[in-house]
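Shown next as structure tokens: one chain only, the form predicted alone.
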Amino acid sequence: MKMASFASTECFLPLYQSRLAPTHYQQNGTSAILHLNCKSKKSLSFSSSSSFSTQGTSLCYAVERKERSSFAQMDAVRHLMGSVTKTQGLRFAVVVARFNEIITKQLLEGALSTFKNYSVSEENIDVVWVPGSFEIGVVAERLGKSQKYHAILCIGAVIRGDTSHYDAVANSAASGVLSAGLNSGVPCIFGVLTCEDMEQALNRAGGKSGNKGSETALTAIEMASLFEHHLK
């Protein structure tokens, strides 16, 4: 068995090619095996049962072009996405914290306005009020497990104060909403503002930074559509 090796500074196999498995190719009826040294992308070797000669760079470019072409021609691959236009029959719950109500009411109004603009009927929306952002997670999980809703919006506002209470509430709210979605199997969308001061919160509740309640509603519609039409 003859062994030959060559080095190229311009030859790189595609990332989805396994570095441990050899790449097989044929040229002029001669079968060869191309190996990539894991420690150095510049070092390559091949073995063949008969004499074989070619330029290392052009050989690797040929392999790369073939792999890219195969990837581009995978027409059978399905891409699943939610839709913000297919809202008929979708039901939503909105869990809203009363604490910092001057902010959360505006976030709720933004969410409800967006639902209306995207043809979600009022009869398919339930709003549940809780004392604060800390309590959102447990209520969202109960609503999700009821199997009455396709998505749950979680709206609140936590504003930093002079103590570490802010960090505890913000972290608990985020983990609570995440756990609610995982445990219930229903998308629970995190729409709790975590801001340094009241000005930042107002900017995100209809001010110059837009209305995050509206953005949350759009996310809920897309996720509800994805689960209902593709992931049942």
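Residues carry their position along the shown sequence, with the first being 1. Given the structure is predicted, the values throughout are model-derived calculations rather than measurements.
The next section is about a form of this same protein that is not shown, the form predicted together with a small molecule.
- For the chain shown alone, F99 is a contact residue for the small molecule in the model of the complex, at least one non-hydrogen atom being within 4.5 angstroms.
- Heavy atoms of D75 never reach within 4.5 Å of the small molecule in the model of the complex, leaving it off the interface.
- The closest non-hydrogen atom of I159 lies within 4.5 Å of the small molecule in the model of the complex.
- T163 belongs to the set of residues with a heavy atom inside 4.5 Å of the small molecule in the model of the complex.
- The stretch from 116 to 124, 151 to 159, 137 to 145, 85 to 93 that comes within 4.5 Å of the small molecule in the model of the complex, counting heavy atoms only, is 151 to 159.
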